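One chain follows as structure tokens, the form predicted on its own.
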Amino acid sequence: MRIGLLGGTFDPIHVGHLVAAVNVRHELSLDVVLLVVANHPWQKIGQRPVTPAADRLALVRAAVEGVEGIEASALEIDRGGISYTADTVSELEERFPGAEIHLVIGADVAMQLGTWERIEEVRTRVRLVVVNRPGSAAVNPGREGPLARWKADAVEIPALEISSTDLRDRSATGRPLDFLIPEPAIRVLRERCLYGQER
């Protein structure tokens, strides 16, 4: 089995996340791409309040409903505590023996891999997929640079300049979220009064 692992805070999920997931699945012929919702994302500690994990998972589930080969995963939430990719990879290996795990990250994240917890353990157990956007500084796995020792692929996706930070601000100020967040996720966002929304 060929599994894509796209982890994130998804606070909130948006169409950029889904575009990355469907393009990676298509380009690499993956069986499934799991959008793994972080329980307690260590990168965000002390930076800003993070929306409760159950709410973020509900948004992701709504966003991917009916999208073939893309699934929401509560794996890190069910495990509890701080979310580390090394632990998630171990759990996926236990659940899917013999599966080939493709860790999907953005080009910006590729430059920060050295800061990750137990990164060498991750490197030996996954194939890295770097998502590049036209117009951005592309990261191409090769013989030199920070990804030289990784088994890795690069996938180019359409340039969509969407950020979760901007979407939270748009929601709080009552500006439209249409076509930036999938409509089913917008409904959940409003039902749960997230990001300043009112019932």
Ligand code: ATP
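Numbers follow the displayed sequence, beginning with 1. These figures come from a predicted structure and were not determined experimentally.
Not on display, but discussed next: the form predicted in complex with this ligand.
Next on the checklist: Within 4.5 angstroms, counting heavy atoms, which one of the listed stretches 157-165, 170-178, 26-34, 57-65 is next to this ligand in the predicted complex?
Outcome noted: That would be 157-165.
Item to check | 4.5 Å heavy atom contact, T51 and this ligand in the predicted complex | outcome: No, T51 stays farther than 4.5 Å from this ligand in the predicted complex.
Next on the checklist: So, V122 and this ligand: in the predicted complex, are they within 4.5 Å at any heavy atom pair?
Outcome noted: Contact with this ligand, no.
Checklist entry - Using 4.5 Å between non-hydrogen atoms, is V126 touching this ligand in the predicted complex? => result No, V126 sits far enough from this ligand in the predicted complex that none of its heavy atoms falls within 4.5 Å.
Checklist entry - Going by a heavy atom distance of 4.5 Å, is H40 a contact of this ligand in the predicted complex? => result Result no; H40 lies far from this ligand in the predicted complex.
Checklist entry - Should the three residues H17, G106 and N132 be counted as contacting this ligand in the predicted complex, with contact defined as a heavy atom within 4.5 Å for each? => result Verified in the predicted complex; spot residues all in contact, yes.
Checklist entry - For the stretch 1-20, which residues lie within 4.5 Å of this ligand in the predicted complex by non-hydrogen atom distance? => result Read in sequence order, the residues that approach this ligand (within 4.5 Å, in the predicted complex) are L6, G7, G8, T9, F10, H14, G16, H17.
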